[in-house]
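Before any questions on how it binds or moves, here is one chain, the form predicted alone, in structure tokens.
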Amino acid sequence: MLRFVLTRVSLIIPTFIGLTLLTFILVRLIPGDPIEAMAGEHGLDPARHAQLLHEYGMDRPVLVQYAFYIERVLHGDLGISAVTHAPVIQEFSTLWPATIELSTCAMLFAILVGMPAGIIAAVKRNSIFDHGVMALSLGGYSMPIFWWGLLAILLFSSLLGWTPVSGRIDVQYYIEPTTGFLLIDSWNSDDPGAFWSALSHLVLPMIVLGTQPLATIARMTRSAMLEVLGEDYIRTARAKGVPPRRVVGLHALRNALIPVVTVIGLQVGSIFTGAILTETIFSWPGVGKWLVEGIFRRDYPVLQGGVLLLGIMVMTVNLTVDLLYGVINPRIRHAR
């Protein structure tokens, strides 16, 4: 087991190097002068422009800039925002709880709805429920988040008035950010209305962000369950009189979990990618909205540091999911 863990952990090193190189290159492909973007409408004289280029190290060769960037990263320094002049790690630490709260709730929504829907669709193959789940999952997977988000706001917020349009909580409430997770902080506050306000603001962006992962998980769960339900040991268990719920819930589901867990792990990356658009549409004050603002401001340190930290979070989750394979099926860790 230790060898299996060390092998998986060692793969993070080249992935990390590739991530730093990719973010460094892509950020510099954004058109426009970051120094001019910082100056705004007032502009800069050539002498001040050259001075700022030198201060931010942008007048050096690209390879030298990358070397200094790697050196700072290895020392835990992600730079200073060119706009707010605050450390990138500090801004990220302030905003990431909002993104984690939204992403976690969206993933839980996708798992708790998608897996049961896929299991029932497999058990009731070719039924109306099965066809309905497959049709809805195909539609959910095909809808772009920005279109689905705007449509959801128009329907549920503007026309029906069921949910707020944007933000994390009504302006009438002020919650002291103890943990940064607004659901927890509002629950621990003295005002019971604050929690329901935070929950009502979370519901719609959670559903929008979780729709595509839900569709993928439902389809994969159905496919994996159909494959397992056709195995000989399932027919043997049924012939012995094992209750159907035990056959499906214990024998079939346990062996179908490997591809499902794989898909869930892969959806973490799409969740964070979708969170960027979702947070922008719903004005959710998280890392995604912060990165979009960094693009418009040409804020290189924010973009490099934010993308790198998100990438590390995705790699950590994928490593955790990979290690779970050995727990679910011990044969996997012995085969690698």
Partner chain sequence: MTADTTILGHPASEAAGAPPHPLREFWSYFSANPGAVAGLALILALILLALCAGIVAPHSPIVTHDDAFLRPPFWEEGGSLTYPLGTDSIGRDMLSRLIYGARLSLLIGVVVVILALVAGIILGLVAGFFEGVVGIAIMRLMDVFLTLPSLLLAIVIVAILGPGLANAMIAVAIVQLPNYVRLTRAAVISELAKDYVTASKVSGAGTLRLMFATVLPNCLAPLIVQASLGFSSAILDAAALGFLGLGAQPPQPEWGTMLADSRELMLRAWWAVTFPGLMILVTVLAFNLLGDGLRDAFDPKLKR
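Since the model is a prediction, treat every value here as computed from it, not as a measurement. In this text, the rigid core denotes the largest set of C-alpha atoms whose superposition between the two forms falls within 1.5 Å. Residue numbers count along the first chain shown, from 1.
One more form of this protein, predicted together with the partner chain, exists but is not displayed; see below.
Enquirer: Could you tell me which one of 53, 62, 70, 292 places a heavy atom within 4.5 Å of the partner chain in the model of the complex?
Expert: None of the other options qualify; the answer is 292.
Enquirer: Give a yes or no for residue 103: in the model of the complex, does one of its heavy atoms lie within 4.5 Å of a heavy atom belonging to the partner chain?
Expert: Contact with the partner chain, no.
Enquirer: I'd like to know if residue 141 sits close to the partner chain in the model of the complex, meaning any non-hydrogen atom pair within 4.5 angstroms.
Expert: Flag for residue 141 set to yes.
Enquirer: Whether residue 29 contacts the partner chain in the model of the complex should be assessed with a 4.5 Å heavy atom distance threshold; does it?
Expert: Yes, residue 29 is a contact residue.
Enquirer: Evaluate residue 172 for contact with the partner chain in the model of the complex, applying a 4.5 angstroms cut-off between non-hydrogen atoms, and reply yes or no.
Expert: Looking in the model of the complex, residue contacts with the partner chain do not include residue 172, since no heavy atom lies within 4.5 Å.
Enquirer: Assess the spot marked by 120, 206 and 254: is the partner chain within 4.5 Å of a heavy atom from every one of these residues in the model of the complex?
Expert: No.
Enquirer: Would you give me the residues of 254-278 that have any heavy atom within 4.5 Å of the partner chain in the model of the complex, in order from first to last?
Expert: Contacting residues: 269, 272, 273, 276, 277.
Enquirer: Superposing on the rigid core, I want to see if residue 25 changes position between the shown form and the other one - specifically a Cα shift of 2 Å or more.
Expert: Where the cores coincide, residue 25 still shows a C-alpha shift between the shown form and the other one that is 2 Å or more.
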